[in-house]
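In the block that follows, a single chain appears as structure tokens, in the form predicted on its own.
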Amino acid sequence: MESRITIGQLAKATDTKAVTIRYYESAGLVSPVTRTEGGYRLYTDRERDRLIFIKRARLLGLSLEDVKSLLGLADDENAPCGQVDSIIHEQLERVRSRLKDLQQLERELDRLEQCCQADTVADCKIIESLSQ
């Protein structure tokens, strides 16, 4: 029989807050195997592994919808990998777009920083620029 752990133990084992685990449960990403007579959730290694998967996917910036899709694909060993590739490709494009936006933001902030050499706010070109 597989060992069963409480939500607190699962939280500690995966460095995830219990409230986050409950949120993932409500989103249908992970679920307790059973409950004790007192109503406490019990989890197995499978749920621990799913939670680690979710955390890693979230660190890549994937949405919960994408994570749910990836978990569904991971549960079906015969599913085509092309769907996984597509999810990752779309995320990569979103990251590249954000990087482009951040680079533009960096240039604008650099421009603002360079345009002001005033001693007082009354003469500050940054404040003037932001006020217009």
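We number the residues from 1 along the sequence you see. Predicted, not measured: the structure shown is a model, and the values here were computed from it.
One more form of this protein, predicted together with another copy of the chain, exists but is not displayed; see below.
Residue 103 is the only one of 103, 34, 26, 63 with a heavy atom lying within 4.5 Å of another copy of the chain in the model of the complex. Within 4.5 Å of any heavy atom of another copy of the chain in the model of the complex lies no heavy atom of residue 15.
None of the heavy atoms of residue 45 is located within 4.5 Å of another copy of the chain in the model of the complex. Although the partner is absent here, residue 11 is not a contact residue: none of its heavy atoms lies within 4.5 angstroms of another copy of the chain in the model of the complex. When another copy of the chain is considered in the model of the complex, residue 129 lines it closely, a heavy atom lying within 4.5 Å. Residues of 63-88 placing a heavy atom within 4.5 Å of another copy of the chain in the model of the complex, in sequence order: 70, 73, 74, 76, 77, 78, 79, 80, 81, 84, 85, 88.
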